[in-house]
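In the form predicted alone, a lone chain appears below as structure tokens.
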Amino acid sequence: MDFEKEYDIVIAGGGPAGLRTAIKAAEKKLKVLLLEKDQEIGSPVRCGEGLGMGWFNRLGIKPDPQFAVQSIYGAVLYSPKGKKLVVRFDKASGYIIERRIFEKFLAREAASKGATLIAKATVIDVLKEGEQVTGVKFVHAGEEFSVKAKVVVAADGVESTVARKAGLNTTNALYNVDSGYQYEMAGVKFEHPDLIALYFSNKYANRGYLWIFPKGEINGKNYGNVGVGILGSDTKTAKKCLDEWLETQPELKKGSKIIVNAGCIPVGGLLDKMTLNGLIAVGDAAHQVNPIHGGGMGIAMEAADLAVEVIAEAIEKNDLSDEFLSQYTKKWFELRGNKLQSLVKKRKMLEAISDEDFETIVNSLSGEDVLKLAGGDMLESAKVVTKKLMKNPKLATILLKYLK
């Protein structure tokens, strides 16, 4: 194979976190090698494929039509009994992307800037000198190779083995991991083809929700991702939950299932420690996700940008110690982690709400109310809550029960 024996950065994993790391490191003229275990970067896909407009803007990524396939203007929430709450913005709030194409787009950008990428290259171990991580061993086409690195980046997803082999404790509590199952369905009709649809029901999605992420239309019929996320330790499988729910949806159950995706979804357990001597973990490998919905693409790429800044400075100062690299952990929590940590309590409250109480809450709010609450303005939020509580004393009882 045409690769060198030593790099500034070796990245294990070719998802959004790893690819963004490769792009930003190559822009700084660092020598980069990325190793992806699957035979195709971008596949298989294991997410709903939604990315908010805020992330496009923060990351400086143009929503190119080749991967940003459907503009999304908000969401429609369905209660257990089918009550509908439409939250619509005046302009696109995000896009449903073809993640397989998006990741290939990122891979080509990384390669064009000088990074070396190898698919079907599985990292099987890390190299160490004493306590210092100095590289990795990997297998490609049945042959084993070793490569040195000043810094190894563990970006190998929720099932990350690289960080663990290096000695970083990435164990996550079962409570912080959901089980997800999703079909890309075609030949169906969505009620709101420009809104994400979220269905809440403890019967079909214990501790989670079902979703529809629309991706487009062909010949008057829609196609998109239809899936479910549930507590990983639930007695029913995510597939069984999704299939049972589809049987209650006359339009959807007639559709064709053209792609099947399944996997674990981290929904918490942010790591207090994400570095070792010569190693940094990013993305799902570091549990960097939104605890409310498990989304992590934008968060992972933002973390990659921060990691590269710290790594570049570490290489320049020839200080690859855990002490120096741990600035990444501190800076990430200041930038994003503390905000995400605060959502864990909200997630626990949402998970505890019964179907009956959820029905009362949904029936008490309008789409406009949700927009005000989501906007984060404390005064407007207080006005909404006060107004609703005055009209519905039962709502006050419900909120106090779960807030307590």
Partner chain sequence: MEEKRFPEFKPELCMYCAGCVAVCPALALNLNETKLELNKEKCIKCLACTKICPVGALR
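Positions refer to the first chain, counted from 1. The model shown is predicted, which means the values in this text are computed figures rather than measured ones.
Below, we refer to the form predicted in complex with the partner chain, which is not included among the displayed structures.
- Partner contacts here mean any heavy atom within 4.5 Å of the partner chain in the model of the complex, and among 152-160, 316-324, 189-197, 96-104 they occur only in 152-160.
- The partner is absent here; in the model of the complex, the one residue of Lys128, His293, Arg164, Lys215 having a heavy atom within 4.5 Å of the partner chain is Arg164.
- A single residue from the set Phe138, Tyr78, Phe333, Tyr181 has any heavy atom within 4.5 angstroms of the partner chain in the model of the complex; that residue is Tyr181.
- Of the heavy atoms in Leu270, none are within 4.5 Å of the partner chain in the model of the complex.
- Although the partner is absent from this view, Thr171 contacts the partner chain in the model of the complex, with a non-hydrogen atom inside 4.5 angstroms.
- Contact check for Ala262: a heavy atom falls within 4.5 Å of the partner chain in the model of the complex.
- Proximity of Gln39 to the partner chain in the model of the complex falls within the 4.5 Å heavy atom cutoff.
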